[in-house]
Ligand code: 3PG
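This document opens with one chain alone, in structure tokens, the form predicted alone.
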């Protein structure tokens, strides 16, 4: 299954800050228990590279992406570690060209119509809407939909169980990224069952969103 298909299937993408391969495994195993075989490891700690490498070597069924990619150096490190896709908080033309030449999918962050237009010019149609809540959230995505019918978004930033359904019922939203699924305290304490519970609840909300969207058509 491709990355985009997996995102469309699970509708939620854990966005994690981990310090070590061991922490990454706690999260990955919990997500697998809940049927989520995709996650994003952010480049916010020195342990991110090894965490990605370890997951790709020991849990090849997991689609592990690298997030918060700010530089080409980080992009190269992520690629060599085995990342399946990359996520950046903004749109950088040099990074777009590098990822295309390296053959790795890039999901750049956008927050304005101008940035969406720039991404579309580069042939990028799946975009991270960030920071979602701070940039108007659901109302902004509704306003963007008729103007950019070919753009699809992964809102991230301020997403949680309380507003997840509102986002996922939007037709231009593929999935939502969320740090609440990768709670730092639960990861540090090795609470795999509690993490899996959060993931199952999120998937149930995703099903609820699908039902409410269908009923409104």
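Just so it is clear, the structure is predicted and the values come from calculations on it, not from any experiment. Positions refer to the first chain, counted from 1.
What follows is about the form predicted together with the ligand, which we do not show.
- Exactly one of 195, 15, 12, 24 has a non-hydrogen atom within 4.5 Å of the ligand in the predicted bound form; which residue is it? So the residue touching the ligand in the predicted bound form, by this definition, is 15.
- Query: From the list 172, 163, 32, 179, which entry has a heavy atom within 4.5 Å of the ligand in the predicted bound form?
  - Reply: So the residue touching the ligand in the predicted bound form, by this definition, is 179.
- For the chain seen here without its partner, which of 187-195, 24-32, 48-56, 149-157 has a heavy atom within 4.5 Å of the ligand in the predicted bound form? Residues of 149-157 come within 4.5 Å of the partner.
- At 4.5 angstroms, heavy atoms only, are 44, 68 and 130 all close to the ligand in the predicted bound form? The answer is yes: all three residues contact the partner (heavy atom, 4.5 Å cut-off).
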